[in-house]
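Form predicted on its own, single chain, as structure tokens, below.
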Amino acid sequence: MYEKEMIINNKTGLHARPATDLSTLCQAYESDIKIRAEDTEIDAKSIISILSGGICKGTKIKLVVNGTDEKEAGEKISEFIENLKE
């Protein structure tokens, strides 16, 4: 299992475009990919789930990846989230 805590620094959080890009990236991996924010668990492969999560700037999240390609997926998704700029 790959786990990493991060803080969303993108000024608009995970709104439409970053949410779309994130879900597309996550769909490329076989592993189960979740984002935990406060009391919410978000399916990172679902744009609807990401948008419904209401993740805004300053939100502390935990990325949890579990599966056959978890290390590669976790590293690439973490890098994507950490480099979000808008």
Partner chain sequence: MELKSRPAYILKIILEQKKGYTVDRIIEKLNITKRTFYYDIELINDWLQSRGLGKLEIKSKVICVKSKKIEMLEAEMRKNGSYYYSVQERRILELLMILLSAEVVTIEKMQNLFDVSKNTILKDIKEWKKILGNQDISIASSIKFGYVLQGEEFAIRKIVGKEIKKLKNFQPKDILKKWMQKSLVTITGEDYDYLEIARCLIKQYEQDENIKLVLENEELECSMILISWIRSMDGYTMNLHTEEKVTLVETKPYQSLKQSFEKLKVYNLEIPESEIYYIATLLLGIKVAQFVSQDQEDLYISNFTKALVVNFERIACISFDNKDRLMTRLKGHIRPLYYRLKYGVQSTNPLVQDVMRMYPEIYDFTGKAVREMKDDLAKMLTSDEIAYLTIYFISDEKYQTIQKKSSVSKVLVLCADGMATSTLVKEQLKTLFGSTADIKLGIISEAKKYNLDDFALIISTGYSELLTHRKNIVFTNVILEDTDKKKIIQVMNQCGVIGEYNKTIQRIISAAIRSTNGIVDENELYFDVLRILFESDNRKIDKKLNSIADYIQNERYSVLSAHSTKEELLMLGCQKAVGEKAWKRLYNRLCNMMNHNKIKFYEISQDVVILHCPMRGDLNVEINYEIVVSEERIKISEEIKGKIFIFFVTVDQNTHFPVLEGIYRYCESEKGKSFINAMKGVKK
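Keep in mind the model is a prediction, meaning the values are calculated, not measured. Positions refer to the first chain, counted from 1.
Here the subject shifts to the form predicted in complex with its partner chain, a form of this protein not shown in this document.
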Its partner chain: the contacting residue among 17, 11, 62, 71 in the predicted bound form [heavy atom, 4.5 Å]:
17
Counting only non-hydrogen atoms and a 4.5 angstroms cut-off, does residue 51 reach its partner chain in the predicted bound form?
yes
4.5 Å heavy atom contact, residue 45 to its partner chain in the predicted bound form:
yes
